[in-house]
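Single chain ahead, written as structure tokens, the form predicted alone.
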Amino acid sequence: MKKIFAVVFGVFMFYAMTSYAQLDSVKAENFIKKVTTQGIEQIINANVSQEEKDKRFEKLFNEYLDLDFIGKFVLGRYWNTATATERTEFIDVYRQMNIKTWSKRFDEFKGKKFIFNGTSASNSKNQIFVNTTVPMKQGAPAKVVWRVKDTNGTLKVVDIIIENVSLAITARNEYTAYIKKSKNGIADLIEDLRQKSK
């Protein structure tokens, strides 16, 4: 009897865990659908000025991206040596630069729809990849993969990977190299990003 109970309990737990994993995948995919449909696509397709697009992207970034997490990642080991002021200034200027960069870069997706291709597991805790493609006028569809992080039930984007190029890793490599060779380290990087964001 105990063996039968153990088997039944084991089967129940297996299906419970499977259902939980599927629920997480569905939740993450629905989150990105919200980001692309209610956020990016409406901004891109809207017949408004670039200034208004920037404002809408700023709202989108603040709501859906975990910029504190991303900022800490892209600074790598230099985050630990940065002062509290430098951290705050870096996150702020990093946000402003990305708002303007992505407000223009996503124009290539104007009039197009994101096609969802399921999710992929991540080696990082509480993270998952949501796979999408965007049909282009010429050539193969563009692959856009979203890294989503779950923090206490709240989902945020922590990386966007376009055609196998991670924006977070690219920024990390670029910024750490810049800090390493600059005279004033993080302070010089902040000023450089501030100028680029203008």
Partner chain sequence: MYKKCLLLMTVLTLASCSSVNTQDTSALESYNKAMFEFNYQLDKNIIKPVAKGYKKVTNQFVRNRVSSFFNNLEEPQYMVNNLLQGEVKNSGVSIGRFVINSTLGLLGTFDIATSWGLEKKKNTFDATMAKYCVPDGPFVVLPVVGPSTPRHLTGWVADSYTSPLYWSLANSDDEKSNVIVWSATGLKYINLRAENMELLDSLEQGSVDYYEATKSAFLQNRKKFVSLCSQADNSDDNIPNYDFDFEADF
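The structure displayed is predicted, hence computed values, not measured ones. Positions refer to the first chain, counted from 1.
The protein also exists as the form predicted together with the partner chain; that form is not presented, and the subsequent description refers to it.
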>> Partner absent here, but in the model of the complex, which of 151-159, 27-35, 57-65, 40-48 has residues with a heavy atom within 4.5 Å of the partner chain?
In response: 151-159
> Using 4.5 Å between non-hydrogen atoms, is Thr133 touching the partner chain in the model of the complex?
Replying inline: no
>> Can you tell me if Arg172 lies within 4.5 angstroms of the partner chain in the model of the complex, counting non-hydrogen atoms only?
In response: yes
> With the partner left out of view, is Lys181 within 4.5 angstroms of the partner chain in the model of the complex by any non-hydrogen atom?
Replying inline: yes
> Does any heavy atom of Ala121 come within 4.5 Å of a heavy atom of the partner chain in the model of the complex?
Replying inline: yes
> What residues of 177-198, in sequence order, lie within 4.5 Å of the partner chain in the model of the complex by heavy atom?
Replying inline: Ala177, Tyr178, Lys181, Leu189, Asp192, Leu193, Lys196
